[in-house]
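We begin with a single chain expressed as structure tokens, specifically the form predicted on its own.
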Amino acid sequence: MTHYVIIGDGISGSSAAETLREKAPDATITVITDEGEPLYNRILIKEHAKGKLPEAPISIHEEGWYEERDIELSLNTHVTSVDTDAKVVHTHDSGDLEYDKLLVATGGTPTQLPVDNSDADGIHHFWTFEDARGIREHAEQSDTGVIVGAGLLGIDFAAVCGAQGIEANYLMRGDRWWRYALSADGAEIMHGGMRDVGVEPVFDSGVDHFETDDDGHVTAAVDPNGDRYECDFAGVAIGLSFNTEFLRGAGLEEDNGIMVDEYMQTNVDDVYAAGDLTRFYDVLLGEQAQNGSWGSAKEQGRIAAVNMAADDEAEQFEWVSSYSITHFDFPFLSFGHPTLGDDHAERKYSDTEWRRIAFKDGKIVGGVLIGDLSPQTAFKQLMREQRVVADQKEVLLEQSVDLDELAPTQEQ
């Protein structure tokens, strides 16, 4: 009987377990996680931290979900190493597990700022259910805050501060929020949204060190310019460090993440990886890429499972990811790989409406929509069709995008 072992019970690991049970009804499936609770919705934990949601809706799977599917769930279990030659997973206190096929879906851990006092009480990272509980409890008692990390995760802290009535400064290293994907026009709309909830963006800043009181609680952040920002709450979101320490010596190729092909297969036989920690071959982009969105991780888990259970026909991962922000009076959506490409087109339509499309080799590879998200369906379709459309930017920037107005694709 085949034994599948999945390390990680985030959305990719859980999606893989569910798919494996469908594809291999008689197989043994074991899911290992070092967290103390089964799968929960990482998208909703930010709403919990804002004080908008009780805990109940955040949980996706109770332990009974695994029992019903005859999937063994091992909580609070730390994997210490993997022997890919002997096909054995070693754990700290739960013995050894032999596997026929292995999926690594351990995600990442928020990166800590490499500055003095970055581990002080009151400095938060946003990743687990436990983090969200701590953020909510602390935010409710805080008056002043500092946010570090000018990207998609950092802005969640801005929303928490806004919802909890914390006056916060958002310290950014560059001249605008998410400067790799937004021009000044688009970023200024986001800055306005922050200011509307009581969060002030501070540019060409960052953190040189934190100050603490005698009890070790954060009291201020000092930036590289010497400016001091008082805070009794700090949120740091500067990226993830991938949880792959236990794979040392396992022979897996890594390059800022585990390298996998379009089938989620690593360079080691019978070992697959899925989710945030993968650098996968993106068939639409034509190169290795990374993506941390919930939908992408779920689909990667499904694809990995299909290919783990398949004897012959393989299915490749082909996905256009998207990430939305709903904290402000206007919606925001990024799709695909908006920071990549060799060309782009953009237009501002109003004080809260803006669009930017990124192209590579004439094809759309990603973009950002603020205010009006309706063009996303057309843009994603063009991405999947891999049509060369960069020469028709005017049509793509029309307020309402009509694909019928595009010139037909020329035969090569």
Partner chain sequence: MHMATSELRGSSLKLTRIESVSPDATVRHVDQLETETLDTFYAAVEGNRPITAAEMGLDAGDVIVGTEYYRVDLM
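Given the structure is predicted, the values throughout are model-derived calculations rather than measurements. Numbering follows the first chain given and starts at 1.
In what follows, reference is made to the form predicted in complex with its partner chain, a form of this protein that is not presented.
- Using a 4.5 angstroms limit between non-hydrogen atoms, His61 is distant from its partner chain in the predicted complex.
- Taking the partner from elsewhere, Lys46 is found to have a heavy atom lying within 4.5 Å of its partner chain in the predicted complex.
- The closest heavy atom approach of Gly36 to its partner chain in the predicted complex falls outside 4.5 Å.
- The closest non-hydrogen atom of Asn243 lies beyond 4.5 Å of its partner chain in the predicted complex.
- For the residues Ser322, Asn169, Ser142, Thr77, the 4.5 Å heavy atom test against its partner chain in the predicted complex is passed only by Ser322.
- Here is the short version: of Ala345, Leu53, Ile29, Met383, the single residue with a heavy atom within 4.5 Å of its partner chain in the predicted complex is Leu53.
- Stretch 329 to 337 is the answer when you ask which of 124 to 132, 329 to 337, 269 to 277, 178 to 186 has residues with heavy atoms within 4.5 Å of its partner chain in the predicted complex.
- Shown without its partner, the chain has no residue in segment 269 to 283 with a non-hydrogen atom within 4.5 angstroms of its partner chain in the predicted complex.
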